[in-house]
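One chain comes next, on its own, written as structure tokens: the form predicted on its own.
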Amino acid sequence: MAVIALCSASGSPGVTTTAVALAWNWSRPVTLVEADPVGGSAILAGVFKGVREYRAGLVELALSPLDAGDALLEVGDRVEGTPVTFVAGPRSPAQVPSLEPVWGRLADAFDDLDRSGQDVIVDVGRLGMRGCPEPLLALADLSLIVTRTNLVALAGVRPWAASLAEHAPAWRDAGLLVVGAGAPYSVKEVAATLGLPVVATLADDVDAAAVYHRGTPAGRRWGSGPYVRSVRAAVDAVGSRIARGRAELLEGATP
């Protein structure tokens, strides 16, 4: 089981859309956790187009008397036709303080998912927000900052990248997921500027991404288009990065 956390440093690079796109194209059963502290589920309003009612989520998990693993199963909803189980985030910012005890409990819940063969993708939202689930970034096998390549976006990421370098190992493994490489800076330039590896890239195609962003009907050729191809390549790249990291850990532990 792998835990992948997605976050942003500034602006709106599409963290939630990217989390949904990766989850919907994941190669194994995966639990998508909406941990963005902003409140008001962007996923229920977006890819589900507001027709999927809120049943339970992280707030109910926080209040549950069950152990973390069982509580997570109780609040998760299977998404038919996908490998995804969805766990909704807070419905309003006022609920965010009640979630602080949840972040630690989720580590135990994720261990339970490990035994059932499920991976986890966490939408953390914007770094530095009140109620940001920083413990989930620390426990994730891979934490990715989603960014575009323009100067404003890179300037927003740079202080966080510098902080990670100064306080390593604050995250187990940190990297970048770049949306729209070459607009205007290349992957190589982004990695050199920020001092973090670019683990994966996504095509910058607003219309194609709208299927995952706001539930727009997919066109006939959408599944074979550049955006979906880049999502699938990103899934493979993320999996390869985690596999290499685990192999290195095993080698280091071998006497």
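Residues carry their position along the shown sequence, with the first being 1. Note that this is a predicted model, so its numbers are computed, not measured.
Below: the form predicted in complex with a small molecule, not depicted.
**Student:** Tell me, which of 44, 209, 194, 198 has a heavy atom within 4.5 angstroms of the small molecule in the model of the complex?
**Tutor:** Only one option qualifies, and that one is 209.
**Student:** Is the small molecule in the model of the complex close enough to 205, 214 and 227 that every residue in that trio has a heavy atom within 4.5 angstroms of it?
**Tutor:** Judged in the model of the complex, 205, 214 and 227 all sit within 4.5 Å of the small molecule.
**Student:** Would you please decide whether residue 11 lies within 4.5 angstroms of the small molecule in the model of the complex, comparing each non-hydrogen atom pair?
**Tutor:** Looking in the model of the complex, residue contacts with the small molecule include residue 11, since a heavy atom lies within 4.5 Å.
**Student:** Any chance residue 172 has a heavy atom within 4.5 Å of the small molecule in the model of the complex?
**Tutor:** Residue 172: no, not in contact with the small molecule in the model of the complex.
**Student:** Going by a heavy atom distance of 4.5 Å, is residue 235 a contact of the small molecule in the model of the complex?
**Tutor:** Flag for residue 235 set to no.
**Student:** Can you tell me whether residue 242 touches the small molecule? I mean in the model of the complex, with a 4.5 angstroms heavy atom cut-off.
**Tutor:** Looking in the model of the complex, residue contacts with the small molecule do not include residue 242, since no heavy atom lies within 4.5 Å.
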